[in-house]
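Subsequent text provides structure tokens for two forms of one protein chain, presented individually as structure 1 and structure 2.
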Structure 1
């Protein structure tokens, strides 16, 4: 099932959270939804899930508008928020049973759905546990099982790996790979770019409520890879105040403020990189860290965003 977002606009008072956001996720594809904090990712996903209405624009699943018919859209969309409520009074199986019944499932159909969701998310040993006893990773697995009960064609996941330890992230990643292999269309919001890169077919990059890049990851990589060499410089204080000095040391090269304490320097070659770094350190600029974002998803993200928040 294809996802098409067209001119989605949402305001909160004077703040424009989404500014005519337009992108598409092809049927059966897995796309990452990335951007700095406050970029508008969660607002967009909540509208796509039918939990909020936009000021204008629409979300189409194939030809069905989720804005005009949110209840119909929810039948084939599964939305996973970044948190699961605690409860001292409900066990995992009771929680999932409640949502299965809320989806209209009953009898053998409900039992099959519960077994299927449990197998896909490795919940065999957790069904009798209280939600309040679970770790963050276990709660994310329960949350994922919940949205699979009605066998949705589209999955919208908002920061599913946030706060998970490495083992929990690995387990969640394997569950998502299994779901992707089933041909579901997935949009995954995340800040863990290295893990997204191994999972996604494409990416949507958003900043300050506007789309800065969208498409298949291979195409975006090819557009970005031009033999350039990038250096991410972290300073002990306001990076913008050092941009002019870096430009003077590296004339004609692109210098971008990437975050309050970081500058992104784009050079033409490896030789220029080593020469530029020597000049910068010899000049005594207060650089506290240096990294080399590659031409993968991290490099594309660095190039397409400035680290600005609304």
Structure 2
């Protein structure tokens, strides 16, 4: 199902949270929704989920307007808020049972849905525990299981990975990847760009309520490509002592000490990058990690946003 957001505007008093926001997520693809704090991500996602009305503009799922008919849109939208599932005095299975009932499931069908959602999110051993006793990561799993009960074809996730430890994040990513493989359209807002990197097909970048870039990752990257290519080399010991060797291997290129253990190498083109790396590795320098700061999602994000918090 395709998501189209058109000219969405929302004001809170004199504060313009969203200013004519327009973007599109093609059917079946996974998009990241990134931007600095206070950019308006949560506001936009809440409007898309039909929880709040915009001042103007529409959200279209295929041809259905979620602004005019939020209750119809809810049938195929799964929305995970940025707050945790945290009701008092309720067990996990009771909580999920409620949402299954609320989606109109009953009897065998309900049980099947509960089991399926539980398997997708590894909830088996949590079901008897009270929701408010769970850790953040577990609550996040419960939230995810909840929105999967009615098998939505569109998923809107607001910071699903916030506050999770690396292992929980890896598990969440696995769950999300298997969901994406099912052909659902997903919009994931997140601050942890490395998380999104290998999950998303494209990004929507928002800043101060305005869209600054939107589209497939490669497309955005090409659009802003200057030809220059940066490589960040991490060494196991003091990087400065290797600077001379690297410079000798790549004559004429700029080599800077980025941090005590990192060197930044600036090359002119992609071809140069590959040949330079081959030389460095052949020379047997103790490089423990290699990254391209200008290339990934982070590079795009840094270039497209100015880092001002609204």
Partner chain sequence: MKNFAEILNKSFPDGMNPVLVKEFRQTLNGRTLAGSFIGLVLISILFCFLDLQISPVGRGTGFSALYCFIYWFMLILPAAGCFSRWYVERGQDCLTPEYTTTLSPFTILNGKLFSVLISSLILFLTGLPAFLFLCGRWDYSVLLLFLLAFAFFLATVMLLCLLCLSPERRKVSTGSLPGLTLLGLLFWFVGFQFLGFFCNPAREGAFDMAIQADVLLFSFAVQCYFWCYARLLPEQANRMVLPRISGLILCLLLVALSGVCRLDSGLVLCCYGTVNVLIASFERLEQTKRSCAELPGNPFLRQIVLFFSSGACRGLFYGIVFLAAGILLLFFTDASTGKWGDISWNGRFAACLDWYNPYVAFCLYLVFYAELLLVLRRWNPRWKPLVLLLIICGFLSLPSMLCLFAGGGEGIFFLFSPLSIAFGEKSLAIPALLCAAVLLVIVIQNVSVAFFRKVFAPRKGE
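Numbering follows the first chain given and starts at 1. Just so we're on the same page, rigid core means the largest C-alpha set that superposes within 1.5 Å between forms. This structure is a prediction, so every number in the text was calculated from the model and none was measured.
**Item:** Structure identified as the form predicted on its own
**Value:** Pick structure 1; the other is not the form predicted on its own.
**After fitting the core, residue 69 CA displacement of 2 Å or more between the two structures** = Residue 69 C-alpha, core-superposed: shift of less than 2 Å.
**Message:** On a rigid core superposition, would residue 270 pass a 2 Å threshold for CA movement between the two structures?
**Reply:** Result for residue 270: yes, a 2 Å-plus shift.
**Message:** Given a core-based superposition, decide whether the C-alpha of residue 255 shifts by 2 Å or more between the two structures.
**Reply:** Shift of 2 Å or more: yes.
**Asked** In Å, how far apart are the CA positions of residue 88 between the two structures with the rigid core superposed?
**Response** Residue 88 is displaced by 4.5 Å at its C-alpha.
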